[in-house]
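This document starts with two versions of one protein chain, written out as structure tokens and named structure 1 and structure 2.
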Structure 1
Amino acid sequence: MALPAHDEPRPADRQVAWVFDLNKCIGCQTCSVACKSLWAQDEGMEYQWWCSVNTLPGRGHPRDWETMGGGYKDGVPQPGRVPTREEWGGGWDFNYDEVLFSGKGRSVHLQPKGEPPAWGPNWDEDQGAGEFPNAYYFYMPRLCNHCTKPVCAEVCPSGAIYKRPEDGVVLIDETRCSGAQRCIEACPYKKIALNIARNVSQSCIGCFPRLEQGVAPACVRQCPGRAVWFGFLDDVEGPVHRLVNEWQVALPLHAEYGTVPNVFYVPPLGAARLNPDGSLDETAPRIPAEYLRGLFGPGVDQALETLKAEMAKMRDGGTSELMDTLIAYVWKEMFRPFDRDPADITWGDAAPASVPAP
């Protein structure tokens, strides 16, 4: 994909951000499929899922990405490694033509063709952790974090990676990319992949052609559970700013990596533990606090307490701006000012040159 020309990298003037409420995400994969269908259909992108929804606790996608290094330590880029093709995994290939078009009727049935992959974008779906009756899991959508300090851009030997000054979206100029994969090594979240047909790195583009027309990204607008907010972090009246900076209930994933990510998560509250007699132990959350701290840092404790207090206030008949925001009564308010209906746009004229129309 040829992207708009850019000057030397400079800090963004404004920064867009995503907030995912993990208490509302149902793991339906609508965001993943919307992104895949829109942006990752070309040759060499078959294994790429720019947005993926994984079950946690789990090994994730690519497999065991949290152990692959990268990021910053004391402001210095840290060594990492490129996931193997097996760790990326892929989809299953079935004998659709034989079953549907060969005229063999009921003598054949759907079955995998060739060697099945050893991993995939949601391989350990719904497995989770814990033991009955206190097993637990939750879902986490992951995409490029469009970091404020993108380590991928710092290590790129060809200067192909940059942040758009108008919205902070991180892009890869494929006309400059040499396929060195330093960006993949350095990204601690492993959300950059190599196009194996063209030998260029590719990742989420923040649906920037949509942003330029006032339309929210596909992963945001397509979510059926109203679980994703999107907007500028400096919009003090917007829900993203309030969830992240005012109420501080939306937290970055692995902030210790040092890249200052701009995808945030409202942590899962989880159910109370069950005692051997079947009664509830309200003092012991089923999702271990130490596990959530490992993902979101020590601020997760206060975030969960804030959520619980505001929920209790509502149950007692009071009001809560935070709960009203998370309930999202009016869905278009979740991603202002990017609330324009894409059906009102003639995309062939609106999209930048050489960029596929959304």
Structure 2
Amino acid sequence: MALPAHDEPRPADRQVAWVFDLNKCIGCQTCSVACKSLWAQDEGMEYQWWCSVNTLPGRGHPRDWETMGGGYKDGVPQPGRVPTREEWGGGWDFNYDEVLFSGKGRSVHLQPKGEPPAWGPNWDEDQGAGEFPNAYYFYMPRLCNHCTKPVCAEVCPSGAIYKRPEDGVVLIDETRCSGAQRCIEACPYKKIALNIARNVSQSCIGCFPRLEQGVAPACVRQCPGRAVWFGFLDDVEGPVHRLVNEWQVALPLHAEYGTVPNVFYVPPLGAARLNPDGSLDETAPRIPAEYLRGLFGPGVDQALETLKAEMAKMRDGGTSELMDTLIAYVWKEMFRPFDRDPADITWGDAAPASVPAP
């Protein structure tokens, strides 16, 4: 099927969405490693991490991405810039041979070849902000937001970016991409990167080949923290819809960028704050409200209040549909209907093939 070349991408018939619970995410990077292993191993993609988890507050990945522009203002695409290779960091090639097999002993040590790195995909891990003992931080996985208004698609000079009608996944047609990098400039989340071997833009594909087989994306299905829900936003019975639309405890990141993202976050509650004498300070949260509003908008206050109120019900021996959803007793219900076991898939053969018995 040929793709129409137009500036306004056709809206999707249905939209999938992610909800990440920052009160469950532990920054373990299993999602990012799962994604990298599956999709970003080829030459030219060494530095690409479509899914990355960073410690917030922090400068993130690429470094200071929130200052690089892009997105919409009043419906108009805003100028932005392409992150430099140094701002991305990563893609390190280590000197195993030199250290272990070349007879240089202790005069060399294992490190990336070339200049020592100054940044990487998770450079400011566990650093955070505040002042001891009131330091604060939390973890945030980030991937392409598969925006309802994908500014990347609008600015693409080749018409190579489209929203899949079936699921709303934003895809770059690499056969059409000319490597102009306008999408990279325009994406306010800086989640598109250039394949430096092939000169095409690449980003998270929403694991659409998995979705087509009824399997949840790797970042979702491989999250050991059980911190992410996935599904169609219009599935009113599904947890994504309930968390985003009904309970309104899951919020988009930087909604002010204007692209209407489809990745949502349950904001972090944070630990209690301490007074200078070490006693509890119940007048203010440890994570400054202003900081969270800067990420998630004014709705974050109510979201946190809702979470606290429902948690209090549970502590008092009551029940809460919201808490039951967040607990997620049955793992597969977190990503229905994408709950198929990938190992059951047959690729035209009679049965799934397994390794031989001993």
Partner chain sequence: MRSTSAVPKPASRGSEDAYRARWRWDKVGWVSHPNGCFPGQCLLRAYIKDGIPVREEQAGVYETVEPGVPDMNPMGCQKGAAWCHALHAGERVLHPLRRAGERGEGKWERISWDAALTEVADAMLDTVQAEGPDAIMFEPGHGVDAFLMPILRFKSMVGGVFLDANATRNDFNVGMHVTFGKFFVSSVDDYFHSDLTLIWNMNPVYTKIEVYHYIAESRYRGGEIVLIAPDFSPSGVHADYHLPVRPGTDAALGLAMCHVLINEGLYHAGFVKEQTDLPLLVRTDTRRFLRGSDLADGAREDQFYFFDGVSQEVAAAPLATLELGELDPALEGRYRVRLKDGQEVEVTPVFELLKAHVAGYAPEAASAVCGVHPDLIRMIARKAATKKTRLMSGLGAGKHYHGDLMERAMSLVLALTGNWGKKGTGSISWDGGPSSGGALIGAKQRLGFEGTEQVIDAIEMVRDMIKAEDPTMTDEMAVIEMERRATTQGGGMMVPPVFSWYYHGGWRDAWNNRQWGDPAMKRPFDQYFQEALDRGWWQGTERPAKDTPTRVLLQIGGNMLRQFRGGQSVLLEHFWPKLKLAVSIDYRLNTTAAYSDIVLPAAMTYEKWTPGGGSAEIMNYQFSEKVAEPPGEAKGEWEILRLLAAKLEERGKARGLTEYTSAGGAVHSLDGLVDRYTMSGSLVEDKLADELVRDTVALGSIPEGTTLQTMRDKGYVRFTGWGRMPTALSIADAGDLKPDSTMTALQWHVEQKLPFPTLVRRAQFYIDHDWFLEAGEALPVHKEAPLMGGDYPFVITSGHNRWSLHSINITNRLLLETHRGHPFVFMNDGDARARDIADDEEVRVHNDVGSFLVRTRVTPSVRPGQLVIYNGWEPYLFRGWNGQADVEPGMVKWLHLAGGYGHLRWSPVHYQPSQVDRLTRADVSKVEPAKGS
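Here, a residue number simply tells you its place in the sequence of structure 1, counted from 1. Heads up, when I say rigid core I mean the largest set of C-alphas that superpose within 1.5 Å between the two forms. Predicted model only: the values in this text are computed from it and were never measured.
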Choose the one of the two that is the form predicted alone.
1
Given a core-based superposition, decide whether the C-alpha of G91 shifts by 2 Å or more between the two structures.
yes
Please state whether P157 has a C-alpha shift of 2 Å or more between the two structures, with the rigid core used for the fit.
no
After the core is overlaid between the two structures, has the C-alpha of P224 moved by 2 angstroms or more?
no
Shift in Å of the L100 Cα between the two structures [rigid core superposition]
5.1
